[in-house]
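One chain is shown next in structure tokens, namely the form predicted alone.
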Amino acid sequence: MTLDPITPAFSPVDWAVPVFVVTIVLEILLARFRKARAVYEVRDTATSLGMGLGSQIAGLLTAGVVLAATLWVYEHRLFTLPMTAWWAWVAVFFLEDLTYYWFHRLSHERRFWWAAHVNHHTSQHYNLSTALRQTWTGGIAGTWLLWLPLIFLGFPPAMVAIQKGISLVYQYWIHTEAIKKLPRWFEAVFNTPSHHRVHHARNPRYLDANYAGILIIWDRMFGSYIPETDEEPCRYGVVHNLGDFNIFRVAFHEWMAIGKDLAGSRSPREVVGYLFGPPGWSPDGSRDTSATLKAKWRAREAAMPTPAPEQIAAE
């Protein structure tokens, strides 16, 4: 069988759209009849759906540049890996998932790429519609460049595109509170609703963790894994929530904040810091970053009195 190495034979996301619609409606109905935990708010859900639609339109603006760069890299590839070989699909599965992990981590730890990703975290609810709250500016931010090394190695562009689609579809179902923890072996290997709830939480305990796409093993390997705990439920959104549902503010608020900071910069160091420092970076350290918020949380935890043995026994 001959497969086109450039044009994907199918789009996992396009095939999954009807499933997205049906499962969102199902989750709403189950929550309404108190058969599952899910909180929906009309304006919030509309914003998520609008961001998803806008993301598809925005992607067309950079599609030509992305395609041209991809084809150029593929023409200069090191090897030619066959799409018909099972081992090539196994390899692209792991390598694409590892690429996604580092893309996702970069998108949280460096402000320039956080500006393109933050909108996905702006909902204060966590349900299946939240998965559709996608970026409008990821293409402009150049995050797609991280996948070009796979093309340079020799994986056909169509192969990488299909695997990226599979990853995106997989990540849809983990945006829910209706599913608690899954069997221990599954939680140990795969990204799950429990792991991803932590990723979307704004509690200092949970900030900047669980960047996984499909496999949680990368977080365990690179020290970014934090488990969900029963004693501290996840609170969703961003550290400073927007407080409205203006879809353009959701899409561009962090870019506007960067522009304001750059306009007030007084040195090249400040320009670099505002662009590529961690979100919340400031020259004098007066703003909170994830690191400082976590440090304050740890200090509060350490200052709390330890319960006496008799209190623990009574509980």
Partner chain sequence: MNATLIQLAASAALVALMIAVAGWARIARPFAPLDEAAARTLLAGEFPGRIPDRVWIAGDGAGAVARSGEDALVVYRLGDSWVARSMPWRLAMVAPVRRGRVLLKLRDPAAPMARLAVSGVNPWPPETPAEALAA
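All values reported here derive from a predicted model rather than from experimental measurement. Positions refer to the first chain, counted from 1.
Below: the form predicted in complex with the partner chain, not depicted.
Picking from 134-142, 85-93, 234-242, 209-217 the stretch near the partner chain in the predicted complex, with a 4.5 Å limit on heavy atoms, gives 234-242.
Between the partner chain and the residues L262, V272, L67, I57, the one pair within 4.5 Å by heavy atoms in the predicted complex involves I57. Taking the partner from elsewhere, every residue among I28, V42 and L53 has a non-hydrogen atom within 4.5 angstroms of the partner chain in the predicted complex. Looking at A63, you'd find every heavy atom of it more than 4.5 angstroms from the partner chain in the predicted complex.
The partner chain is not shown here, and in the predicted complex it never comes within 4.5 Å of any heavy atom of R266. Although the partner is absent here, R298 sits far enough away that none of its heavy atoms falls within 4.5 Å of the partner chain in the predicted complex. Of the heavy atoms in A38, some are within 4.5 Å of the partner chain in the predicted complex. Residues are counted as partner-facing when one of their heavy atoms sits within 4.5 Å of the partner chain in the predicted complex; in 113-133 these are Q124, H125, in sequence order.
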